[in-house]
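There is one chain below, alone, in structure tokens, taken in the form predicted on its own.
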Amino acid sequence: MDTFSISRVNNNEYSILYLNGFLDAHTAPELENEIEKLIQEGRFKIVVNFNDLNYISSAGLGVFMGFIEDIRKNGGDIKMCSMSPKIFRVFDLLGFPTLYDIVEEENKAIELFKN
């Protein structure tokens, strides 16, 4: 079975989630739980780094849509970075680049919170 893991780094104003492996219907609840924890902690500025993500399904995409309203309502956002071309194509096909900031490098995603 394909594995999925998340690691988190908290800085003063923002949190970075590093996704690893396969994000699908079986593993999406792990990402949901992690984002719920961030919201409960009042951490609404979130960078998601996809560098080590090999696969994402519609269930994985749905996690981001499920939380964005609450996060933005609290003055935060989800910035995405470091997607492989394969992962970006999935997001692009579903129109995510019009809804989210998707950049190549993590430091650029962080900079977007400073503007």
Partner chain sequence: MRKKFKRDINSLTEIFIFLDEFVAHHKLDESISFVLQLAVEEIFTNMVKYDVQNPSDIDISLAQDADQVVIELFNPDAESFDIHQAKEYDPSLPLNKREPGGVGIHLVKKFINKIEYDYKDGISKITLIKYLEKPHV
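Residue numbers count along the first chain shown, from 1. In this text the structure is predicted, and so the values were computed from the model without any measurement.
Beyond the structure shown, there is the form predicted in complex with the partner chain, which is absent from this document and is the topic of what follows.
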Can you work out which of 56, 48, 35, 83 has a heavy atom no more than 4.5 Å from the partner chain in the model of the complex?
56
Can you work out whether residue 41 and the partner chain are in contact in the model of the complex, taking contact to mean some heavy atom pair no more than 4.5 Å apart?
no
Contact of residue 69 with the partner chain in the model of the complex (heavy atom, 4.5 Å)
yes
4.5 Å heavy atom contact, residue 22 to the partner chain in the model of the complex:
yes
Heavy atom of residue 9 within 4.5 Å of the partner chain in the model of the complex:
no
